[in-house]
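In the form predicted alone, a lone chain appears below as structure tokens.
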Amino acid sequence: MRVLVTGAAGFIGSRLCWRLLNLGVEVHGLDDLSRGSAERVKALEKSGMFFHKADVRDKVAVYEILSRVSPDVVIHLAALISVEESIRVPELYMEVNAEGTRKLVEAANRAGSRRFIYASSAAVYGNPVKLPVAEDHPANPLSPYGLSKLIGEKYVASSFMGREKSVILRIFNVYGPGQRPEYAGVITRFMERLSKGEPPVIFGDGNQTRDFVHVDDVVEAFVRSLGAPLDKAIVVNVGFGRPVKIIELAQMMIRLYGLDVDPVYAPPRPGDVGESYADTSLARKILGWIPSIGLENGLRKLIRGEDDGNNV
């Protein structure tokens, strides 16, 4: 199998490329290296990945690369991912996340790819009206980021023509080794402060809930998506399926660091949802995917610097 992974220099993308290489897959990585790690790419190339530097907005370059590579499967992770940044520069997020996806789908169709796997986000749901959040929940994103990912979903579901159909993975709050602080979620930001003995900063009252899923579980969902038998395009949640209050997360991490501090509170941020956690029953049924890394165990390994996979 020949697989092309966009966003190969990123947090999830690089981790996925290592996993695919270890499975014996021919892996082609695509990234413009504007925000990803060139060091990760070099290490992956040494282990057999073929790398292509390109921006997904560059239609000519993307068409040429996919035509030459002719991948069986395209896994699309390249994206801008900051809610706060998307509010400041919404046009950029639409160009990269929405239009970039459209161009990649067209290129995959021309290249004859069999399957297209798209990394979407729980941000497409907005504030849930019922919990847990299932895939048929109304989509009402609160930020340009969430909207851009939803538009990308529409392009994938309506336009990809491959015979093995498309898989859209709506990823909840992913964490794990190699997550960059400037574009990371709350766990990495808490770690940054706690590692210096400083109290974590909670935006809002701390009662908002999130569904934290380890990057290695997320990678496994992509792997399971490669060969899942489908007769139509599907949308699947990828989360642990358990709500965790931010104040509970802060207290857990303070305890794991062995500190005696209290969280600091700041005003809520625009675009943040209140409560959210995933119904993962469809992923279990269709992909045979069950997350295996509990939050406390995942945090303990992360804080101790224990890493079971390849990471740069």
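These numbers were taken from a predicted model, which means no experiment stands behind them. Numbers for residues come from their place in the sequence shown, where the first is 1.
The protein also exists as the form predicted together with nicotinamide-adenine-dinucleotide; that form is not presented, and the subsequent description refers to it.
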Worksheet item: Can you check whether A221 is within 4.5 Å of nicotinamide-adenine-dinucleotide in the model of the complex, heavy atom basis?
Response: no
Worksheet item: Given that the partner is absent here, does L16 sit within 4.5 Å of nicotinamide-adenine-dinucleotide in the model of the complex, heavy atoms only?
Response: no
Worksheet item: Is there a heavy atom of K245 no more than 4.5 Å from a heavy atom of nicotinamide-adenine-dinucleotide in the model of the complex?
Response: no
Discussion item. Taking nicotinamide-adenine-dinucleotide as it sits in the model of the complex, is D55 in contact with it (heavy atom to heavy atom, 4.5 Å or less)?
Written reply: yes
Worksheet item: Of A108, L77, V156, V133, which one comes within 4.5 Å of nicotinamide-adenine-dinucleotide in the model of the complex, counting heavy atoms only?
Response: L77
Response to the item:
Exactly one of I81, V236, I117, I187 comes within 4.5 Å of nicotinamide-adenine-dinucleotide in the model of the complex through a heavy atom, and that residue is I81
Fill in: Contact stretch among 194-202, 159-167, 119-127, 223-231 - heavy atom within 4.5 Å of nicotinamide-adenine-dinucleotide in the model of the complex
119-127
Worksheet item: Which of the residues spanning 233-248 lie within 4.5 Å of nicotinamide-adenine-dinucleotide in the model of the complex, based on heavy atoms?
Response: none
